[in-house]
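One chain is shown next in structure tokens, namely the form predicted on its own.
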């Protein structure tokens, strides 16, 4: 059976995975890019934004696990676009014509669109489905490889709460947001179901890896 994985999900010290006020100009709300500065500084992150180089080391090694063995991704509507993107027939996601997923990618929305085939192997499929049904569809598309739950925080929370996630990689960033979309609400005592490891790095972030027992 393929595994269901979360990778590089950055949260603040107070548990928010995105800030408040998401819009076309502020994809991560008032958090800006602060939750992801650690990743963009790595070699892996630099490759995503077209920078010439980035750091090596633990942060880079952890970030690169995002790619390994993934056959499909599931993401929430707010990761694909700003509020109201369903009303814009020209909207094709935040990432240009060559998104960084390179797999079938399933966007959860109550207003589905026809599939969008992009360059580089990514095809966006739009599903009005709950976590279990969406995972079943994504697993079939993944062809025996693993399925990545791409976020945002509310989607990750829903899949964790449903008991569907085998491996969780959360990156705790040393900032306080105060408001936004929080990951851990309603997930009391989930540590009982996972083996938890924590590694802090020189960048100031802490990588939490949680593997289902």
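Owing to the predicted nature of the structure, the values given are computational and were not obtained by experimental measurement. Residue numbers count along the first chain shown, from 1.
The same protein has a further form, the form predicted together with another copy of the chain, not shown here; the description that follows concerns it.
Engineer: What is the one choice in 33, 56, 68, 185 with a heavy atom within 4.5 Å of another copy of the chain in the model of the complex?
Structural biologist: Only one listed residue qualifies here, and that residue is 185.
Engineer: Heavy atoms within 4.5 Å of another copy of the chain in the model of the complex: which of the stretches 60 to 68, 174 to 182, 46 to 54, 150 to 158 has them?
Structural biologist: Contact-bearing stretch, as computed: 174 to 182.
Engineer: Looking at another copy of the chain in the model of the complex, is some heavy atom of each of 14, 199 and 206 within 4.5 Å of it?
Structural biologist: Yes, the whole candidate spot contacts another copy of the chain.
Engineer: Please check if residue 24 has a heavy atom lying within 4.5 Å of any heavy atom of another copy of the chain in the model of the complex.
Structural biologist: The answer is no: residue 24 has no heavy atom within 4.5 Å of another copy of the chain.
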